[in-house]
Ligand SMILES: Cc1cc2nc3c(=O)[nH]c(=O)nc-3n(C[C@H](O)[C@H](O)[C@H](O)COP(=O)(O)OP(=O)(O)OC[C@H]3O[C@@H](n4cnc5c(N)ncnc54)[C@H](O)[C@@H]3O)c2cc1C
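As a starting point, one isolated chain is supplied in structure tokens, in the form predicted on its own.
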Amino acid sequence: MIKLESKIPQGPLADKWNNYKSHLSLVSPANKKKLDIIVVGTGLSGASSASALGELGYNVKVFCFQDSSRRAHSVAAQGGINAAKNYKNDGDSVYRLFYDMIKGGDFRAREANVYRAAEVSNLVIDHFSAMGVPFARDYGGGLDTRSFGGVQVSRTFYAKGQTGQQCLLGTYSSLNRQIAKGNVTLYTRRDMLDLVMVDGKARGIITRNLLTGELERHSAHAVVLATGGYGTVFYLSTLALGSNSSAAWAAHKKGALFANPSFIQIHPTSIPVLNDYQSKLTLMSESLRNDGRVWVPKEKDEKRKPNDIPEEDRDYYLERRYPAFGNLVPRDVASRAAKERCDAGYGVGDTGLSVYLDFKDAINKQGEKVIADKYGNLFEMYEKITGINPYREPMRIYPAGHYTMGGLWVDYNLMTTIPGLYSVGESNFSDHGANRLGASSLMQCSGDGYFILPYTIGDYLSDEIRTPRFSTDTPEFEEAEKEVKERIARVMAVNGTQTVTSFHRRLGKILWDSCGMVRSKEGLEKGIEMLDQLEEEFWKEVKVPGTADEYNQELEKALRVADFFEVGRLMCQDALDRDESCGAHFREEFQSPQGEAQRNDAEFAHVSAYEYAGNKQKPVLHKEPLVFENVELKERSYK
């Protein structure tokens, strides 16, 4: 029987983490050399975890499915990283960052975890600055900041529109330093396909060498998953094509609970779908809403070009509906507002599924050079993709699948329900509730890896110092490898007539329509039924060319899409179980007269954590009550 124990420390909120750190069990430097840790993933959370643990003296084995950690999806983060430095002297503080995150997540996250994330944010910025990350500077040479959605302060540090890339390059440097010192061993082009457990603890993984097809066994005293989110379940998303859920899903099948799977963020400022042949969408940073104004024409089916539409014929609907925050409302609010305008017939472009993001006023006031200095690479990216110069004509944007707030359930130590298995960054559920504030992703990933996990994993490993290194020639590794071989053989044996991508595209459309920006009981039930039918067709008709013992990207995709059927079903089931609207989870049946999300705190102020019961079997729901002692549960308003 799985029992949820969050292990939140006692004491005042502001003192929990420091007091807790002071009483954790330690591993001596000499004993750290006896302990092996596997880290899966080399994005910001994985590379920071591996480098920090290597620096401490552990033997770390780190795995990535790319040829270099520089290709991790963390590079795609554009606009910035939050920290409560209060450099602008505008009233920011650790508590205000904590409160903005709790409120932004619509009161569906743990207070203790969120406060700790806010608390270590300042350490993260100091660390990156010391490593040479080229954050923007103000005229006096100090670090510059800007605002993001859902806040009324300027706390987001940035490097033009390349913040994720620059932070990842800094982390990549610290990882390489540990590799050169021999503390970390890097395995590239490896895909984790299963978790190995020995006596109920995570003790290793099975990987596939993506270049040769060979299956490999790796053992360790603890395993850390830093494998990102599952937003590519929608097929069209802002995520890198390789992003997937398979490592986390393998752990879920072995007993790690999966929490809040229906909490998926839709980003309001993506370049709209341009044709039927796209494989992904491109994000336009939320930071653009600092200077860009969002609007649609006041008349339906407007045929005039945007520059020909006078001010009196424009509806700046975010400024109209949310005067206190204007264009910088949270992502879920901005996304639904754009959908509502387009559904009502005011959308622009050939499909009517986009709105304008206009920089005319900012350019007139500040000058084109100032805007270019802030957002130049983003403007260049937009022009390359669309052929439109955003200095001369408004951008067109529309919401797209983006970030997953749901993920593996973890306690305060970032440990899953499997002893010895940790989950950090976007792969866990812990810090963002039902909606993530912009620029808090890089903050959480780096904080988890550099300043939280190195403390908490030591508490667990202090009891493992007498445990010898594990042989991979054991029944547990044999059985795990056998299961992986059978799964690969099954998908290769279908030999149907349809491509993996064709199934992924149809799967994504079902989930976007039934479990995207807006959900309903009827739509979710229909979505589950359609998923079942499509999955049955997949196992009869999918075509995977080539063989399993060679470089075979179609096989990689097939295994991930097979997992996505199960992930998508759990998303729909969770959205069906949660009879309320909160954050990015918007059920049509539960909304205010003004069309805003309507929570049900009496019945749903909890984390929904699911235990795997088998494919197409109803998962077992476990509930972790959310207790709010430091904030008042009230309607989330940005008006």
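Residues carry their position along the shown sequence, with the first being 1. Please read these numbers as outputs of a predicted model, since none were measured by experiment.
Only in words, not in the display: the form predicted in complex with this ligand, which the text now covers.
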- Task: Just one of 302-310, 510-518, 343-351, 190-198 has residues with a heavy atom within 4.5 Å of this ligand in the predicted bound form, so point it out.
- Result: 190-198
- Message: So this ligand isn't shown here. In the predicted bound form, which residue out of 430, 335, 238, 121 has a non-hydrogen atom within 4.5 Å of it?
- Response: 238
- Item | Single option in 220, 318, 247, 395 placed near this ligand in the predicted bound form, where near means a heavy atom within 4.5 Å | 247
- How about residue 435: is it within 4.5 Å of this ligand in the predicted bound form, going by heavy atoms? no
- Message: Taking any heavy atom pair closer than or equal to 4.5 Å as contact, tell me whether residue 80 reaches this ligand in the predicted bound form.
- Response: yes
- Query: Contact between residue 252 and this ligand in the predicted bound form at 4.5 Å, heavy atoms?
  - Reply: no
- Query: Would residue 40 sit within 4.5 Å of this ligand in the predicted bound form, counting heavy atoms only?
  - Reply: yes
- Flag this candidate site as yes only if 64, 73 and 226 all have a heavy atom within 4.5 Å of this ligand in the predicted bound form; otherwise mark no. yes
- For 398-420: residues with a non-hydrogen atom within 4.5 angstroms of this ligand in the predicted bound form? 402, 403
